[in-house]
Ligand code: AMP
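Let's start with one chain on its own, the form predicted alone, as structure tokens.
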């Protein structure tokens, strides 16, 4: 069975040595964090705290807030705004990104920290040095963290297992994506054996939505556009939501992220996109591929990033212009 993570052993040893030498560590994930970013960060934080390190967890959004969809995560109450982070931590651990610009306002920490460890699984990385535990073939950053944790402690508790399991199921699409291998299921098995409950996690992530979500979904579906000739004839389906939609439903942007899952089910389109208007007028663009198009490369070219089948970026244009620019970028998108 192929390993879930393939990195040189000396890389792991270097990361462990930095952790052993540090009295404190700041753990930072990317802006607008998702389940893999949060689960990986908080799961590793629990292990490092148990080893005696003084741990700070955060991310660098200017308008900082805990995503309401993840307020149920163990230890989410331990995260702090970026304004409360040490100016020069002994150790900085960056999770779920290796791009300086994805650290937002905390980008300068990469230069100020005494040492740096980067833990990630994205192929589109730039701007960060240090010890790099980066495997683009890994299914999730949580998988890389789980491999590191196995070198740090003999066993993990149920809360740590739950956090890493959240990261795993988030980035494998609940084990539906092609990155799901026998080794990935082996990781899941270890996390379940340690106390993660898949039924409880699934209920929190997918089995419960506020009524307002149905209202926003209805508005988004009413604006749906299908471009069958796009992406070299593989098709694009796209829509958008507005700040008025969110205000009427009483929701935040992170609570409507699952709209993309309904849109991506469109059989006639390989690529799906949802443009979610933010309070400043920009659009957070989420894209998905059914398997024929590398949307990660497309979004990287538009200033964002992500995975081959799921990625995003920020657009500073109106919805129609955003769609036009995305269509143009998709015409040269790498096929899978």
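From a predicted model like this one, the values you see are computed outputs, not experimental measurements. Numbering follows the first chain given and starts at 1.
The same protein also has a form predicted in complex with the ligand, omitted here; what follows describes it.
With a 4.5 Å cutoff on heavy atoms, residue 55 does not count as touching the ligand in the model of the complex; it lies far away. In the model of the complex, none of the heavy atoms of residue 69 sits within 4.5 Å of a heavy atom of the ligand. The closest heavy atom approach of residue 122 to the ligand in the model of the complex falls within 4.5 Å. Taking non-hydrogen atoms only, residue 310 approaches the ligand to within 4.5 angstroms in the model of the complex. The candidate site formed by 212, 241 and 252 is entirely out of contact with the ligand in the model of the complex, as no residue has a non-hydrogen atom within 4.5 angstroms of it. With the ligand left out of view, the stretch that reaches within 4.5 Å of it through heavy atoms in the model of the complex is, among 57-65, 263-271, 280-288, 38-46, 280-288.
Of all the residues from 32-58, the single one having a non-hydrogen atom no more than 4.5 Å from the ligand in the model of the complex is 34.
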